[in-house]
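Form predicted alone, single chain, as structure tokens, below.
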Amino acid sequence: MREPDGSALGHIRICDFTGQLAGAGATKFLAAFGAQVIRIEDPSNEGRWDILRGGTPYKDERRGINLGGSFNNHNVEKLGVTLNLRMKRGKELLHQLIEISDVITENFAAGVFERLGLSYQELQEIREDIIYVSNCGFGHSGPYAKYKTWGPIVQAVSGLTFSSGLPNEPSAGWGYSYMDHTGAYYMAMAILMAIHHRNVTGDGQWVDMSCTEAGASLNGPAILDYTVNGRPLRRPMSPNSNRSQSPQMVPHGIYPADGADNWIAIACRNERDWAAICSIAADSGITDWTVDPRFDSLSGRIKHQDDLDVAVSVWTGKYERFALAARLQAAGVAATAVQKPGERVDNDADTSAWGLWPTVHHTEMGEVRVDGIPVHLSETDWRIERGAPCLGEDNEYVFGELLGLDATEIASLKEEGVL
């Protein structure tokens, strides 16, 4: 165990084999709160068991194994070492590193870590109270355990993809690896729960996580509706990802605004909201649908929702989205302009006040902006200042200061291909 340094997790050391998003995102969270996370990478293939290393996007015209933007974003505040685990000396050094670590993390496919000679039982022989956290597509038990996944596959198998779309259209999916990111959050929680358990009992444990089961757990309302009411998710006019079914709110959705690909989100929660929307529309000279008796009640608006959505779209399409959203908000209506990424990152005052996009210093890229953490702790807040490690950047510190090797031996091990 490390000496506490005043941060929330400054007493924790993690020997980290995670990669991509679902694993690296979890250990990024813990590193931001002070855990010493030591990434293990393979020197013989330029660390490419994490396929994001060296990949897009890039800060400038430079390219190289240390210049990948996605890898940097998910590995800030971590240390990076190289170890060739196919060599005996590499395995010996790993065992020494495990001896001084609290947690081992990985998100390989089921069985990969065991084939490396690192099953939970073998890890326990190195350190009895070790916490081993694995995060793979289907976990290590059940008929799907041997299958490999990626975020979009997890979303499809778990049912999330099926739930996203418009009536009478194919499932829209999510457009990106939603469950890679969400799986990282679940993994971070799992690590913290295991650490708490060890703090209380003194015992380590193996945490076996299935990213697909984590995705399935997000289908709760749809599963409850089918179980209790016998209503399948796909039925006439459902799903409609723009509309609210529970509770029912009409109008509720994303409506066009003035200009190309500009939109405004509006949620009419109750009759007070409806009256406010009608008043603002009437002030603009729009009176037909605001006085239509079909829309006087929620039941009527639900029954004629298609017609109402068309009418609201014609109205909103005449106005600049931010200005109209401000008028609706002033009247107490839940509404906002649909922001594009650049607007949210660069122009939203709340983003700056929150500090959501900190700038880190990367050894080769220089100053780069990255994702922050969406929570703040009043006493032990996160800190993100250091960019992701270049390949093997911290070999001298980890193998020298932590494991006690001298500079000559470290240089020799590098020459031999161990580091």
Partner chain sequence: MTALTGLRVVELSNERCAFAGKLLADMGAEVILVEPPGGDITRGFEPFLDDISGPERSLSFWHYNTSKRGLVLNLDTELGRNVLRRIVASADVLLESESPTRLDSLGIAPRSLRVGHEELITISMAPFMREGPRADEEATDLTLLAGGGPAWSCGYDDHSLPPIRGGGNQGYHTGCHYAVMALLVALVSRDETGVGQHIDVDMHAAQNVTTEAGSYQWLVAEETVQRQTGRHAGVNPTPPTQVQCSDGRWVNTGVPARRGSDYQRVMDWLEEVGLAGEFPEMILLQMGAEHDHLGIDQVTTDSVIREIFQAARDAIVLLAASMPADEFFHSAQERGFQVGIIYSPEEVMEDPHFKARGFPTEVQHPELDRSFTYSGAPYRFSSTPWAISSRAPLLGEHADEILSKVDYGDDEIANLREEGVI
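Residue numbers count along the first chain shown, from 1. All figures in this text were calculated on a predicted structure; none of them were measured in a lab.
Although not depicted, the form predicted in complex with its partner chain is the subject of the following passage.
With a 4.5 Å cutoff on heavy atoms, R269 counts as touching its partner chain in the predicted complex. Taking the partner from elsewhere, G90 is found to have every heavy atom lying beyond 4.5 Å of its partner chain in the predicted complex. In the predicted complex, its partner chain lies farther than 4.5 Å from every heavy atom of E320. Using a 4.5 angstroms limit between non-hydrogen atoms, Q96 is distant from its partner chain in the predicted complex. For a residue to qualify, one of its non-hydrogen atoms must sit within 4.5 Å of its partner chain in the predicted complex; none of R86, V360 and L402 qualifies. Proximity to its partner chain in the predicted complex, taken as a non-hydrogen atom within 4.5 angstroms, holds for one residue of G117, G285, P293, G142, which is G142. Interface residue among V314, M189, V112, I126 relative to its partner chain in the predicted complex, by the heavy atom within 4.5 Å criterion: M189. Partner proximity in the predicted complex, defined as non-hydrogen atoms within 4.5 angstroms of its partner chain, places exactly one of 304 to 312, 78 to 86, 210 to 218, 275 to 283 at the interface: 210 to 218. Along 129 to 161, residues F138, G139, H140, S141, G142, P143, Y144, A145, Y147, K148, T149, W150, P152, I153, A156, V157, S158, G159, L160, T161 each place a heavy atom within 4.5 Å of its partner chain in the predicted complex.
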